[in-house]
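Take a look at this one chain, the form predicted on its own, written out in structure tokens.
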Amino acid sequence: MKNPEELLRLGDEAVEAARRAGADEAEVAVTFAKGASVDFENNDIAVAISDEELAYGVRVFKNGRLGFATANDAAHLSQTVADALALASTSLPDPNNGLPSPRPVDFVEGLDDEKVGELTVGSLTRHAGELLETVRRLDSRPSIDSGSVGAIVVSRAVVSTVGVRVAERTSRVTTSLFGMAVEDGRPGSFVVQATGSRSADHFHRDIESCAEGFVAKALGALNPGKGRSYRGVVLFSPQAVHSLLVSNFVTMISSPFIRKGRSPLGEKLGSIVASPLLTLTDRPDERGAYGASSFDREGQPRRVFTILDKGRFAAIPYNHYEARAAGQPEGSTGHAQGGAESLPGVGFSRLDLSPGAGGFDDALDAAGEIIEVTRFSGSTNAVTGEFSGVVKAGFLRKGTERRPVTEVLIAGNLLDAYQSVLAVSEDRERLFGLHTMPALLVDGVSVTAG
């Protein structure tokens, strides 16, 4: 298995080749991934796959012009450098092009477990069988449409002519299930459950958690009745909070979106844009956490980064290019996103929406009979904030009592929703082993029952 030191040596060779070929600046991002997975289909094991892949991307600058080329064979290194320089010769110069200087990196501990690298297709097949058997033991009604168990070890490195030289190895194990429950020939709604962690020792725990969550969700969606139409309070589950509210919000505040004049929040930095109940943070530094990392796609240190501070738009994420384009003297915030096969974008690692401080149950009781959104399927206009779509596996809820409903439509405005949060739950859910979200009570949402 190619270790981080081997990747650094490949990076050194590549940047030196680019320098000799005439590049003003050059950067090489390298990854080597080795893993295996076992996939489910129709309540059974369908296929087992073992794979390994090397990938590297060469980014060069010549006279302010950018060129980028990628390959997966170290024998093609010279040609890849030549391709990147050839592309640079045809691109337009940009004064914001360039590479960031090195900064000290505090390496996050507990991101690699050697036991994950020892997991084979055979051992993963046994884990897959354990997951299937756990679901069957819990209840015979859930039916698995698809899913998987997997294990992968990834080494990555970033080396540049301006002094960046960092490498890291991480591991992860994952489980996922997608399907529905069927009772007396009547299917419920499709549900999804997934987990992820860094340690092989957590695999059994993750399997139990994934199976229990899947079965509970699938059974809860059986025998749906009619919902009701109204405009008012809606309960968003942690999964819906992330997929609809948070993921679209972070698109709105990304620096490329703001730079292009598309964001309605472009001029709102430092202003109150959401309920004071909301604090949203990127937390890439949690020891042993799935999704945690020490440095970004450009080799810049990652750090805790507050996006919303009690409703105030606190900070904009930047990679090096976007920071220069915005005239930010502090430079990159450590949010260069992407892999070796792409140019750096802008993105977050592990989003954390802070829990509420109490009173959620009282607010839920006071809301009366409302729709609970567990999964949302629809569209959002990130320029206007307007969203509309179908609630999957939703519930009609009154206090702690809930019953499943057939699909209902919801519509509203994301920016209005953020300012209309009535309550935040104290309990939170770690979604897919990655993002941590509470439930939210939001007013002003339009609900249409079929």
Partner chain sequence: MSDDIRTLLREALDGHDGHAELRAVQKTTRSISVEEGKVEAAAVKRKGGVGVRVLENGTWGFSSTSLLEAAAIRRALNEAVEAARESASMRARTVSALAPADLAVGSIPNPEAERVAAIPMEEKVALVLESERSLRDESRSIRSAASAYTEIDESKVIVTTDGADVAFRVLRPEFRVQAVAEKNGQLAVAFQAVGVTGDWNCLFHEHPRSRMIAEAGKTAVDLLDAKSPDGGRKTVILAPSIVGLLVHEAIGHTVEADFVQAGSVAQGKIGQRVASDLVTLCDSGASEFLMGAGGTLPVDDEGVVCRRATIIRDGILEGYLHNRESAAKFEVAPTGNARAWNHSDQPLIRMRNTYLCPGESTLEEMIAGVEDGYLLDGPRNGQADATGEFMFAVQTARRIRHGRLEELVRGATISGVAFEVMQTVDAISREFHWDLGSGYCGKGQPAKVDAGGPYVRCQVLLGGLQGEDA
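Keep in mind the model is a prediction, meaning the values are calculated, not measured. Numbering follows the first chain given and starts at 1.
Form predicted together with its partner chain: not shown, discussed below.
Remark: all three candidate residues (T120, E386 and G412) come within 4.5 Å of its partner chain in the model of the complex, counting heavy atoms only. When its partner chain is considered in the model of the complex, only one residue from S101, S140, S271, Q79 comes within 4.5 Å through any heavy atom, namely Q79. G261 is the sole member of G225, P276, G261, G110 with a non-hydrogen atom within 4.5 Å of its partner chain in the model of the complex. Heavy atoms of M180 reach within 4.5 Å of its partner chain in the model of the complex, making it an interface residue.
For the chain shown alone, R375 is a contact residue for its partner chain in the model of the complex, at least one non-hydrogen atom being within 4.5 angstroms.
A residue is said to contact a partner when one of its heavy atoms sits within 4.5 Å of a partner heavy atom; D51 meets this definition for its partner chain in the model of the complex. Using a 4.5 Å cutoff between non-hydrogen atoms, R231 counts as a contact of its partner chain in the model of the complex. Heavy atoms within 4.5 Å of its partner chain in the model of the complex belong, among the stretches 110 to 118, 167 to 175, 69 to 77, 206 to 214, to residues of 69 to 77.
Contacts between stretch 183 to 198 and its partner chain, counted in the model of the complex as any heavy atom lying within 4.5 Å, involve P187, G188, S189, F190, listed in sequence order.
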